[in-house]
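Before any questions on how it binds or moves, here is one chain, the form predicted on its own, in structure tokens.
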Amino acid sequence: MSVNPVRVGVIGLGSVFEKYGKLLSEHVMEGGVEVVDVYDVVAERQDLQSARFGVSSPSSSADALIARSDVDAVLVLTSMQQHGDLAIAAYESGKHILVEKPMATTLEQAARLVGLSQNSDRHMVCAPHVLLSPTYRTMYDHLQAGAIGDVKLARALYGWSGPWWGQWFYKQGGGALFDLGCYNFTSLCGFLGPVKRVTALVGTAIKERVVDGEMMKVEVDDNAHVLLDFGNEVYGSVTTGFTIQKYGHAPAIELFGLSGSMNMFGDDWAPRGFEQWRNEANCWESFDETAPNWPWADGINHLIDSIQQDAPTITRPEHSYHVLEIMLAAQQSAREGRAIDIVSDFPAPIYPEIGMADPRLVHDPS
């Protein structure tokens, strides 16, 4: 086990960094982390966080930060379009990395990251971190135990009216699927395994938006409904977009098995417990949220723990690659008006406190 602080460098200090920064501060106070460098294209942000973490000589570029020999782990928290190149550069330089979602915007970049991870002793944690929440873990455990039987239908939902900052959200490489749907696809695939085929309706409902105080043309999707075929007559759907003003009490995720049902409340990145119906019990059973303050940036805690304990990560880069393939296939399906086959696979998550993964969720790439 490591006895020295994990030396962290952060690239990207915008709104996403706020939650990660809070968690990093806690690790710094406990002595487990030292933030040795920070970089952002906005000088004011870099100056603010340098002062906060006591960084005396912050790097003048992302490449300079990555090249530092005194950085153990790099956090890539930039706009989506930069994730792939920066994560590849950091991993190739021998760093542990955490990369925000999506891990990349092309399959070529994502494949490079997966290949690097399979041939390195460096850890890679990819957002979103929904599989780490206690509620998700408990639901996963119940599914493994057969609480509702074989799941045959699933539905997931996440959306809002869209950001009014960051024009990159609405430019090529951005969009609602990459920013929002990514959560739901990660969740459903974690529960049900790899998708075999995708059919989707994806479009741009709002052609122009005011972002950063000026009107801009929207170049990417902001509205999507995606159907997922997991094989063996298991089907799911994801509804997402920057077109959803509010939704009421609809569960974030609904799972329908042959002997019961299970619903996650809240959003999958901010769960509020769950309920399940088992035919044998003939009633709804409620499970209150056990960690109401669970942070969606929990991946940084997981990365640091994995480094210090030299333990494998629960979430795997292959899972993130698979989700990216699904999202790109959804866009292709909408353009071409046909179903798109998915060819990638990923290992099922293995939670140490739960034990071996469900054999039904262990995937043989062959």
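Note that residue numbering begins at 1 and tracks the sequence as displayed. Since the structure is predicted, the reported quantities are computational estimates derived from the model, not experimental observations.
What follows is about the form predicted in complex with a small molecule, which we do not show.
Although the small molecule is omitted here, in the predicted bound form none of 88, 312 and 351 has a heavy atom within 4.5 Å of it. Using a 4.5 angstroms limit between non-hydrogen atoms, residue 100 touches the small molecule in the predicted bound form.
Not displayed here, the small molecule is approached by residue 77 to within 4.5 Å at the level of heavy atoms in the predicted bound form.
The closest non-hydrogen atom of residue 13 lies within 4.5 Å of the small molecule in the predicted bound form. Residue contact with the small molecule in the predicted bound form: residue 48 places no heavy atom within 4.5 Å of it.
Of the candidates 265, 140, 168, 235, 168 is the one whose heavy atoms come within 4.5 Å of the small molecule in the predicted bound form; the others do not. Among the residues 223, 261, 82, 199, the one placing a heavy atom within 4.5 Å of the small molecule in the predicted bound form is 82.
Of the candidate stretches 48-56, 313-321, 32-40, 299-307, only 32-40 contains residues with a heavy atom within 4.5 Å of the small molecule in the predicted bound form.
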